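A lone chain, given as structure tokens: the form predicted alone.
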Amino acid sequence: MCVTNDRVVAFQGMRGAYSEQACRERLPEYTLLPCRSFEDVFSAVEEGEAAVGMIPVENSMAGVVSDSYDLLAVRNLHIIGEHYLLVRHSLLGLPGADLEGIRAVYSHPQGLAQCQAFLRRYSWTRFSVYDTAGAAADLVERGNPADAAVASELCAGLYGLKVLKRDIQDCRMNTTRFLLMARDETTPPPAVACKTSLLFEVRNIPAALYKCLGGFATNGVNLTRLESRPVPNSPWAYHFYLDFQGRPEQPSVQHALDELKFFTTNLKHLGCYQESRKPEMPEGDPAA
């Protein structure tokens, strides 16, 4: 039996990654455990190195994070919470650098894509790298004052960089949804609004998915997410991730789940957890 580090949260990426920022916002009292991959995050929680894992599952501009969903299907962790992070990109440079002296900018492809309007103002060469925090760390290692990175402002403090411009993202409501994963399932307090997440495969019958979802409509249960992913080692087979508002013990949800079970195989309960509020529009004019 492993002993869990009760105040450790694991995330994927280098220090300064947006996943770290999500951990700092949601679990500010926890010790941070950076991991190289999403698989390492799951393993850290399963093996007791961390109590919680923080994984991104979707972005309002880039869409689904497929690796996270695929791991939810094959690993045995439970969803115990969610967190919405407002993504605010900054242009970072070395101490003493300024906008006029920049010639090249580095970031993850999505970081560059999400700041197109700002970057088009300049004739900088753009370079895609493995992640935003890595772009900031590499900037220090190269030591070239003509280079800049698109990353979080958190990276500036961690790596001793200068913020050349804040809030350069095109969309002011660019938001990433994260899930908190743990070894043991939790039960939210009775008074709070909840979401429940499921994974299932449909039976091989006509209109199976339509029939699976019909029970939620007729019982007044609101669906918030439906995502399909291929089933590993089963060509042309798919399973579905479903989020809905409510708890499994509620009568309306029980009726909906009874209908769902009739038309599905391999139904897996991923977790019931408190629903989080989405970020509100930032005040002031967009910097970009």
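Sequential numbering from 1, following the sequence displayed. Because the structure is a prediction, the values reported are computed rather than measured.
Quick note: we don't show the form predicted together with another copy of the chain, though the next part is all about it.
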With heavy atoms only and a cut-off of 4.5 Å, decide whether residue 31 touches another copy of the chain in the model of the complex.
no
Although another copy of the chain is absent from this view, report whether residue 49 comes within 4.5 Å of it in the model of the complex, heavy atoms only.
no
With heavy atoms only and a cut-off of 4.5 Å, decide whether residue 128 touches another copy of the chain in the model of the complex.
yes
Check residue 250 for me: does it contact another copy of the chain in the model of the complex (non-hydrogen atoms, 4.5 angstroms)?
no
To verify the annotation, which of these, 213, 168, 77, 94, has a non-hydrogen atom within 4.5 Å of another copy of the chain in the model of the complex?
213
Spot the stretch among 96-104, 168-176, 150-158, 186-194 with residues whose non-hydrogen atoms come within 4.5 Å of another copy of the chain in the model of the complex.
168-176
Is another copy of the chain close enough to 24, 73 and 275 in the model of the complex that each of the three has a heavy atom within 4.5 Å of it?
no
Which residues, if any, of 103-120 lie within 4.5 Å of another copy of the chain in the model of the complex when only heavy atoms count?
116, 120
